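In structure tokens, one chain follows: the form predicted alone.
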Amino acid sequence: MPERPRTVATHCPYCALQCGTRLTRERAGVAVRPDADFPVNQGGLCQKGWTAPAVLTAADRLHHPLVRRGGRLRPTDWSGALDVIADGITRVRRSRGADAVAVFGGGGLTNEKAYLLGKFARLALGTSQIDYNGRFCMSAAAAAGGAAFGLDRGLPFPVTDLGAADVVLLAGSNPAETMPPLMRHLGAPDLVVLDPRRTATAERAALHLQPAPGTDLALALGLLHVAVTDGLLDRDYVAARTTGFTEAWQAAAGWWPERVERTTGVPAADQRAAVRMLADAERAYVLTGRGAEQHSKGTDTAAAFINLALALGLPGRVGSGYGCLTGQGNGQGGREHGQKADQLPGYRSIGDPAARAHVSSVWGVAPADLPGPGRSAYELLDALGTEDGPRALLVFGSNPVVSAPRAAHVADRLAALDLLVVADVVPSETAQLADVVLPVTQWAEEDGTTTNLEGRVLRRRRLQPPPGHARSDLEVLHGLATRLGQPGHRYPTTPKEVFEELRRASAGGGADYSGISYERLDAGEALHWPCPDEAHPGTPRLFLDGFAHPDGRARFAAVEHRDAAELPDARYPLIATTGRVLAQYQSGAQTRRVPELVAAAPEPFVEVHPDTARRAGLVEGALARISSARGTALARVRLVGTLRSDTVFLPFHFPGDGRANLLTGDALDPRSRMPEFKVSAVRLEPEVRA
């Protein structure tokens, strides 16, 4: 008798909207349909969500552990693979110490995986050297939001609030392509879009401001200047709910609109119109995205947009506010539970003695047993294989060969390791360099939780078993930990058991999950953290009664504009900026294996203004060389008349010679350690092939 179709309610594996879906196992494979009752996507899905099940059966899906022998990756069994890893770790630690072993995690891991990975690194390995790819995504806005509000949550209000807004300012975000279902909530408000490109989102805007890449901070300072000098400052709000305005205003006072226009290219009249639209609206929001944040001054830029929101009295009010559009699927939860170099579960600082005491008591160790903070993501990758850096690296849920800045250099550093271990579902570009590759489960093959961009904790539900001999990351960590001498009970393999411990570890922290349980989630409760006990309804809207600083006030930040780390010159006269496209996602390791998505976006391309292309001797469809001081990428030319003539754009999803991150540099934000992805000085020329 044939097996009856089985349906589960779960969530899309891609972006931080975490759209609600229902999966059904059928003879032809897994069918997906949107969950009309989930308020974030309201029955909508993007092209990636509709085709997500195709990755479950990708032609090169990893089914068996692989170990490199004779220069080739060859199948082996789990016992053999884990023994090779444990022996390699033991040798490295014995000769060079605990910090010679490092861990690199991912913002797509479930909360349970992220939590156990941080615990594994600090206890089983004893290393301080752990960070994750979310450092490349959310770190600048997280640092700015934490400083301003005392707490960082991407959106401190539900997504659905945006639909009732009058005006929404989007600084460096293109949700029409990166988060299409979000546009269901942005159809009614007037949009003010700040972007060097005339994106699909900018096409829908009431007002499009087109600053030169790297000048967003100057523009934000100018918008604050307009708010003050045009009499639009909400003085009562500033006096009652904030501190630091005088110092912030002193920094912005010199950025009058005409000076901002000379620096950014944005007309003074448009600056005034943007601020007037926000100030006149009864309900208004300021939202930032990667375009404004992925800079060596990204934290200050995010802070400057927060300053604007505070000056207009938006944060902490029902119907208005400031937020950051988190990117990765579990980008919010991934940065809350301990896979950041400086963080412990519950969004606690690893340098805080009280935080160390609490978490160590949950883990059953002494506070002194916990290492201190380690290197940030790029600094960790840059140090690999060096005399003072890690000699072994374990990678979970990330593909830095494509996604990291200065990508060719990062690949060289990975090749210099004594041991590289990659846990993944497909042979990513990073896995292809590994000494050991471990096949792990995907979203439809596992239970767990994720946390979306609005701080809503969600249940991921298993539909079917994984193929071949793939195991969950939790089982991998358990197997390695026990081989390294740890007690097995310290590393549970069932997601619910891990989540129960996560609840205890997060209790009392900024991101308090202690009142959230699988039972409450499975009963259909909508639970946003903080949720400190099981009688608590969760907190969908933060800051209504006060901000999370001891005095309840938000902090303005006195920030000064500065140039990007690299400016165009005679050799490299153009600015390259990078980003995402609709049909691909992140490093493309998943989406490049979906035929429909490959058909929609099959190869690397570079957007170029027609005048710029003509000067470089390029035409539509030609193959171009885009070169920076770090290297050269190859991409097909697309002529875009709305693009700034000093700017070219490349998507970062493609491997090999098409990697946009062959161009990007290693300049880092001094506070968040965010790399400068959005500004690289480049030159453009035809690719001549024999």
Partner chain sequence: MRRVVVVGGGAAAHRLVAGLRAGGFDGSVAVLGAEPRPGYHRVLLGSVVDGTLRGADLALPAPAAEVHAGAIAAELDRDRRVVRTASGDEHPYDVLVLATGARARQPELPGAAPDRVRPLRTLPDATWLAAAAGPVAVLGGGVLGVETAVALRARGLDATLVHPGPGPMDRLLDATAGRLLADRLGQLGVDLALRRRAVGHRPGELLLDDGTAVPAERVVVCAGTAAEVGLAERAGLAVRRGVVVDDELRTGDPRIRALGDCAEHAGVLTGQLDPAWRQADVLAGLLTGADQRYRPGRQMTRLRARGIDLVSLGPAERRADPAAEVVALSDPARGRYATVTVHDERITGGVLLGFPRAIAALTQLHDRGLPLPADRLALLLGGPAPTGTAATGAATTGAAATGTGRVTAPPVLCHCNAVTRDALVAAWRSGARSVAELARTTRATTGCGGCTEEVARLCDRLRDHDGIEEGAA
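Residue numbers count along the first chain shown, from 1. From a predicted model like this one, the values you see are computed outputs, not experimental measurements.
Keep in mind that the form predicted together with the partner chain is not shown, yet the notes after this line are about it.
Chemist: Using a 4.5 Å cut on heavy atoms, which of A507, V619, A98, A164 is close to the partner chain in the predicted bound form?
Modeler: Contact check passes for V619.
Chemist: Looking at E596, D412, D369, E500, which has any heavy atom no more than 4.5 Å from the partner chain in the predicted bound form?
Modeler: It is E596 that has a heavy atom within 4.5 Å of the partner.
Chemist: Of 358 to 366, 252 to 260, 521 to 529, 136 to 144, which is the one stretch near the partner chain in the predicted bound form, taking non-hydrogen atoms within 4.5 angstroms as near?
Modeler: That would be 252 to 260.
Chemist: Residues E203, D230 and V266 are flagged as a possible site; in the predicted bound form, is every one of them within 4.5 Å of the partner chain by some non-hydrogen atom?
Modeler: Yes: each residue has a heavy atom within 4.5 Å of the partner.
Chemist: Is K119 part of the interface with the partner chain in the predicted bound form - any heavy atom within 4.5 Å?
Modeler: K119: no contact with the partner chain in the predicted bound form.
Chemist: With the partner left out here, check for me: in the predicted bound form, does some heavy atom of A212 sit within 4.5 Å of the partner chain?
Modeler: Result yes; A212 sits at the interface with the partner chain in the predicted bound form.
Chemist: L639 near the partner chain in the predicted bound form, any heavy atom under 4.5 Å?
Modeler: L639: yes, in contact with the partner chain in the predicted bound form.
Chemist: Looking at the partner-bound form in the predicted bound form, is R614 within 4.5 Å of the partner chain by any heavy atom?
Modeler: Contact with the partner chain, yes.
Chemist: Could you pull out the residues of 175 to 205 that have any heavy atom within 4.5 Å of the partner chain in the predicted bound form?
Modeler: Contacting residues: A176, E177, P180, P181, M183, R184, R198, T199, A200, E203, R204.
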